[in-house]
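Below sits a lone chain in structure tokens, taken as the form predicted on its own.
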Amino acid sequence: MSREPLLLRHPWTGERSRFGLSEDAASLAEKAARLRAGQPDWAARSPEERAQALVALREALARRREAMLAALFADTGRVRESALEFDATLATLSRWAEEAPKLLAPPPAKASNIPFIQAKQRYEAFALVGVISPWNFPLLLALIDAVPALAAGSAVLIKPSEVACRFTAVLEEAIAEVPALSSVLAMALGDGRVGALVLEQVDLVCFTGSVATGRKVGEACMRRFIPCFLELGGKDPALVFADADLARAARAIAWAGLANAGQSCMSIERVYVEKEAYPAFLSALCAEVGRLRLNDEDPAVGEIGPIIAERQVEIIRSQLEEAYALGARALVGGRVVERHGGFWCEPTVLVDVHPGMRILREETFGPILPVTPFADEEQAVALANETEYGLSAAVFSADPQRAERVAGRLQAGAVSINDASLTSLVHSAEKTSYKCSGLGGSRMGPASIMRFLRKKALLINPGVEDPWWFPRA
């Protein structure tokens, strides 16, 4: 394995260009050693000083807004979502700069269960955190774990997806403006082979990606006895009861299923509707989805961007083809189209679907909404839970008690009520994934930062003779 430029594809044009240099074992080991050397001084800074560095990084990024948006467009072929992603990243830096100093304050000493023994709690950051991030929100998901890790006092090595990593050039310029961070935050470019090398160099891993790769990451971390936090795929359901505001539900589900062209692990990918409301809801949903446009003629005009990763094109096509062969019908959209070298999936509403189809079982990662009727609450819950995934879900009902009751029965880490995919926007509530959708502590909420800290207990005897000592002769 040698240090060669990456060959990146532009999702909107299909054009390929060289970018950066892939790491090899020697260069990655050197980078990891440099980060480890800088970490003790970083950890010795007060939480407030580290917060100031995060604010400085936020300001350096804000000054590069246009350059970053251009890089994200080249990485993803989208415009609107890139602006939202950039703003969410700045908000993440601001939030942790504000919250981390309070969360990192050690609790006061207290009496233990043995009255004369005092207990003090200390926190020590893991020295080097590895972040392996995906291509669908390349900037935000590169930093969503890196920022709290830095706030905790760790150094961080980020391995972004080889599909979408042009953004790193702008990010590295911003990091270089913050001397306190430049010695503890670095990028490692390359494919899965580089990701495997990262796993051998770090003390803790945060991985966002597919279940298949997540299994490999988890196994590698287990062999090294290092912690790993896995944020994996989803097949999120939305349940719409007959008493719901159907127009509101249709609008929310259209956004939650089709934003970023459905390329989010938290996209709504299955819709279940109480049979009494099924025709009216379908009409409302088709109207919402039917007005959405591809951005294939003008990147700034249209709500649905291209399929970012070329390998995803065949996955979406094959799921659609199988569904049609097994009897599914598209009421809106239904095709993958090629335009000037890029690929788009039309925003799609599918009916006559059943669990035997891959499009209801496997993650699609495309702007497709399969819709199925259900008879009652029991069947709705059973259908929603009939999956190996358990990331998030949505419930729509005018009855708050029923909505919360149903939400409580869903095997998912976060459930939006009378809305959808709120977990992509609300980062203050803690959640953990069910089933194959993830492993480890919450990425969201105050608990997120605690993932990067070892807890050390100091058990202090003030001079009392322990009654359990061997008796004197």
Ligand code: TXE
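Worth saying up front: this structure is predicted, and the values here are computed from it rather than measured. Numbers follow the displayed sequence, beginning with 1.
Although it is not shown, the form predicted in complex with the ligand is what the next lines describe.
Here the marked residues N260, I417 and T423 all miss the ligand in the predicted complex; none has a heavy atom within 4.5 angstroms. Of the candidate stretches 201-209, 237-245, 270-278, 112-120, only 201-209 has residues whose heavy atoms lie within 4.5 Å of the ligand in the predicted complex. Contact check for E288: no non-hydrogen atom falls within 4.5 Å of the ligand in the predicted complex. Although the partner is absent here, R95 is not a contact residue: none of its heavy atoms lies within 4.5 angstroms of the ligand in the predicted complex. Although the partner is absent here, V129 lies well away from the ligand in the predicted complex, with no heavy atom inside 4.5 Å. The ligand is not drawn, but in the predicted complex it has a heavy atom within 4.5 Å of G233. Proximity to the ligand in the predicted complex, defined as a heavy atom within 4.5 Å, singles out one entry of T348, S161, T387, S82, which is S161.
A heavy atom within 4.5 Å of the ligand in the predicted complex is found for one listed residue only; from G342, G195, G305, G333, this is G195.
Contacts between stretch 308-347 and the ligand, counted in the predicted complex as any heavy atom lying within 4.5 Å, involve R311, Q312, I315, listed in sequence order.
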